[in-house]
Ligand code: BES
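Encoded as structure tokens, the following chain is the form predicted on its own, with no partner shown.
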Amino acid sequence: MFVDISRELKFSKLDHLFVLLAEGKHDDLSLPDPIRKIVRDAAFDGRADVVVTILGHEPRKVTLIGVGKSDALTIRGVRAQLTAVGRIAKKHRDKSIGVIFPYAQPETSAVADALAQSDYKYDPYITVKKDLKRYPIDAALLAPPSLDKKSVAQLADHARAIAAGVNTVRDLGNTPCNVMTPERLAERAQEVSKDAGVKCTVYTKRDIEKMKMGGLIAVNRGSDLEPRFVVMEYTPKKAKKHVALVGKGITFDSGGISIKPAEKMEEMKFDMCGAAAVIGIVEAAAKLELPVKITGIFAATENLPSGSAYKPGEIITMMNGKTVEIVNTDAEGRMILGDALHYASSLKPDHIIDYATLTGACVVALAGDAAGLFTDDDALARNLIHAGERTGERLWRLPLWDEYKDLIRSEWADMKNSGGRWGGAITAAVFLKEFVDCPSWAHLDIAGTAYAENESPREAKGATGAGVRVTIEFLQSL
């Protein structure tokens, strides 16, 4: 859906008008007089479970959607109603819609971004589309009357940049794994970078071997497809801060020799959503022309079993020289991230943030409602958590205490690549910490938030675009 923010809605040109209202009186809201009369005549009370569609003349259809209590409005809560807008418009085959959300919070640009995602569906490989024909929808979101023309244009540009980044992540994650190979993921990073005016360097297997990225080389051994290591550089002239973003790019994860159960293994195409997040964030930041230097980094490979695959019992020397005893080949994400984090540290950025669908343990702890946040930097934690609340991408901080190192100690090497069942998300983060040389580093375990197993009131099934909104909000605060 293409969303514009407008200071005035032309009802005669709309197929459908959607009005989102909270509980209580509506007399003090900035509503056009015809709409105010419709709301009054319908005795609409704004409860979150109420949707009323009324046939009229201009516009032809008006749908009133309740959003619940006005003092509890958040973008996370309102997103379900905005998603309903997209689904209703798609079902009605509307081509032009208007949306009125007459509240200051959530912010207009966040509402526009959520609206742009409301009709998302990944369907390039559905060949029989008689009943699934999609109509492009143009949406106009009514701006608050307090905003001038320039401010409205800026908000619209901001919302479109965020939506573009989120869409990139969703499309990358939803693409089947036989298409979205390590090589193709690197190519998409180059294509996005070229479009956004960002420098992109792709390192091949030979380059990776010369760089002595032992973790990435080891995980890749079971695959017939070569790995890739990608560095995207957004360098605005007035940048005062440098942030490195690091992503896990396992384009398919079978678990390797420590093979996963067959059930839901098809979802392991989403194991590259950390790398996809890095691409989408860099794209959005460049389009917004943020005054922050950003280096986006990701390692990409498959993790497959074969005669040449890395095995439990091996000892791998990582890029930073530390040795790792392999006890579980399904703990592969931390192996490739270890090398990528060491590379990022060598750039001496002010902050490092990594994104990874790293552990099922984090999903057990937080389900799909929040990503796990690990950091020793209290200020960074506060800023990221605040950014998450503002954008609806919740983060929950978990400990990164040194006591957990005992669980990854090895008798044969500097450490093991898995601490076992207990505290699995924490021991994975503690492992990553061994490869970071930056006082301000945060690890985001997005295993539960990167994709939705089923369609929900807020999300389409598949990749969600996790990481883009919260990070852009954080970068804007620097």
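In this text, all values refer to a predicted model and were calculated from it rather than measured experimentally. For every residue, the number given is its place in the sequence shown, counted from 1.
Omitted here: the form predicted together with this ligand. The next part is about that form.
- Between the options D253, D339, E393, D94, the residue in contact with this ligand in the predicted bound form by a heavy atom within 4.5 angstroms is D253.
- A heavy atom within 4.5 Å of this ligand in the predicted bound form is found for exactly one of E325, D171, D119, D330: D330.
- With the partner left out here, this ligand still marks one of 355-363, 103-111, 342-350, 199-207 in the predicted bound form; by a 4.5 Å heavy atom cut-off that stretch is 355-363.
- In the predicted bound form, no heavy atom of F435 sits within 4.5 Å of this ligand.
- In the predicted bound form, no heavy atom of E302 sits within 4.5 Å of this ligand.
- Among residues of the shown chain, R334 is one whose heavy atoms approach this ligand to within 4.5 Å in the predicted bound form.
- At the 4.5 Å threshold, heavy atoms of W441 stay clear of this ligand in the predicted bound form, well away from it.
- In the predicted bound form, this ligand lies within 4.5 angstroms of at least one heavy atom of each of the following residues of 259-274: K260, M268, D271, in sequence order.
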